[in-house]
Structure formats: structure tokens, C-alpha cells
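Shown next as C-alpha cells: one chain only, the form predicted on its own.
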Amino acid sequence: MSARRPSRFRLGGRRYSPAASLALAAPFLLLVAIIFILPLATLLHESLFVPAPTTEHYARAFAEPVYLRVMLRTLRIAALVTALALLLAWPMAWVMSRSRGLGLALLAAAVLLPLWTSVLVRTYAWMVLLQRNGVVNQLLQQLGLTEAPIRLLYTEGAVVLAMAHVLLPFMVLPIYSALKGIPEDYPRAAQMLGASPWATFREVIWPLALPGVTSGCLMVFLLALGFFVTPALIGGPQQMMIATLVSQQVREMLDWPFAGALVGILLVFVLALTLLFKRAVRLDRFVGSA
């Protein structure tokens, strides 16, 4: 038997050996190791081995009610942001998938341009809109819906709304990609067979778009878990999330081991959620092909 050639990777029409591919990726891998893996490993090491081998810091995170409330609040806000982003993203992605030419270009620009704007700038824009004498309060008073300015800023609702706006492109693009891949003949065939619009959506469009929905929900939820700037500026101390708590432990309390424990808990949850979503998508494809 002839010796089996090592597999090669294709890039830009050229095929590269595994060694050449690794050499090309080495600068990126080195950068990731220096700015991400090394600091993360240092924090996790301090959470487990400072001042001695212990799990006390992890137990403290679950034993003290204030820290447990912060973690539960983080999960609740991330879930609300994901749900709101999905509700806003689906119509946008649907219209984009049915648009052509200039209309599609304008819609794509409306989705992509915010990604080129700083998160800090967009957060301050929401602060201007929601402040006591901001645009929203003035509009409500002019319409006669309120007699005096109401408290909109520094609330959980403001945090959810602003975060959903910032993360909306990460929900729109995967759903648009999935909807764009659905042949137009499928919904048309379902309607010709007597299916109602709701039945067509439920039995044809939604199952085929589910991988995109799952990817978008996963990205938005995971990004929302670690969001820092928007909750810190719009929410304030009452809406503190786990990223703000980690920053407080590092910058103000100088408690690096406990901050590392919080990071470790968040990391374990993120990895578990990612594996769960991956398994759910595989199960959905298996059931769909059965």
C-alpha cells in the first residue's frame, strides 16, 4: 500500500501543509496566548492557590447573598437582552433576506455601521436619550403621557434596552444568513399544499432558520454575560453585573484571588452553555433528518 500523504489545508486557492499552516497561524496564536490565555491562567491560579491550595474563594461567591444576587442578576439581564434582541432581529433579518439591490445595501449598512461606532459612544447616546431631561422624557410630556419626568436612566430596563441595541448586529447577521439559505420554493410549496402562513412558518421556515437563531442567541447571551461598559454607565450600582463586580474586586478591593474565582465561575458556565447549545443544535439536525 502506498504511504498516505499528510492532509493539506487550502487557503486562497493554494494548498499548505500542516507545518506551513501552523507557521502562518503562529503569530495569532502567540498573541492570543499572551493577551488572553496567560492572564486568565494567572487569575485562575490565584483563585485556587493563593494564599494556599483552597476552594474558599469559590465557596464565598455562592455563600454570600450579595455575590449570588449579582450572578443571578447577570443571568437574568443576559437572558432578557437575548430575548429582546431576537424579537428585534427577526423582522430585520427577514426583510433583508427578501430584499435586493439598493434596499439590501441600505439595510446591511444600518446593521453594520453601528459595529464601527464605539460602544462607549453608543452608551452615552442612550444616556442622553434616557436622562431626566432627555429626548424620551420630553416626548412623553409633550404627548401628555406623563406630567413630570420619570426615572428611565439607572434602571434594569435601560440596561436591557441599551445592551440589546449594542448587540443587535450579532443576532441579525446569523439569522439573515440562515434565512437567505432557505430556497424560496420551500415556503411556496407548503402554501400550494394548503399550509397556512403560520403553519408554513412553524413547519418550514423556523426549523430551517433555527441554526442561525441558535448561533445568534448564543453569541448575544455570552457577550451579554461579560458586558462591562453599558451596565456600569447606564445601570449604576443597583444593576451591577459580574463583569463590574470583577473590576471592583481588582481595582478597589485588590482581592485578586476572589476576582479569579468569579472569572472561573463565569468561564465554567460559558463553556457548559456552549457545549449545551452545540449538543442541542446537533440533536435538532438529527431529529430533522429522521
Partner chain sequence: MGGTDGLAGRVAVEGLVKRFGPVNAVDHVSLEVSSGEFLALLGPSGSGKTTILMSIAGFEFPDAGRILIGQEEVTWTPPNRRNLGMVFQRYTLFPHMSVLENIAFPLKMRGVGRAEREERARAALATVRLGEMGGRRPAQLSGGQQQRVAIARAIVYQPRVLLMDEPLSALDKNLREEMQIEIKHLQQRIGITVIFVTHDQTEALTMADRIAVLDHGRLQQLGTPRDLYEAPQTAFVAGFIGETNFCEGQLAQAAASGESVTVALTGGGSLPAIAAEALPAGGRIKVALRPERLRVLPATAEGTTARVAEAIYAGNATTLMLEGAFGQPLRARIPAGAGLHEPRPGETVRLAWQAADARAFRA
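Note that this is a predicted model, so its numbers are computed, not measured. Numbering follows the first chain given and starts at 1.
Unshown form predicted together with its partner chain; subsequent notes refer to it.
| said: in the predicted bound form, is there a heavy atom of its partner chain that lies within 4.5 Å of any heavy atom of Leu145, even though the partner is absent here? | reply: No - in the predicted bound form, heavy atoms of Leu145 and its partner chain never come within 4.5 Å of each other.
| said: Is Gln191 part of the interface with its partner chain in the predicted bound form - any heavy atom within 4.5 Å? | reply: The answer is yes: Gln191 has a heavy atom within 4.5 Å of its partner chain.
| message | Just checking whether Pro91 would be counted as a contact of its partner chain in the predicted bound form - the rule being heavy atoms within 4.5 angstroms. | response | No, Pro91 sits far enough from its partner chain in the predicted bound form that none of its heavy atoms falls within 4.5 Å.
| query | Using heavy atoms and a 4.5 Å limit, would one call Tyr186 a contact residue for its partner chain in the predicted bound form? | reply | Contact with its partner chain, yes.
| field | Stretch in contact in the predicted bound form with its partner chain, which is absent here, among 201-209, 133-141, 165-173, 116-124 (heavy atoms within 4.5 Å) | value | After filtering at 4.5 Å, what remains is 201-209.
| query | With its partner chain left out of view, which of Val111, Val213, Leu80, Ala195 would have a heavy atom within 4.5 Å of it in the predicted bound form? | reply | Of Val111, Val213, Leu80, Ala195, the residue with a heavy atom within 4.5 Å of its partner chain in the predicted bound form is Ala195.
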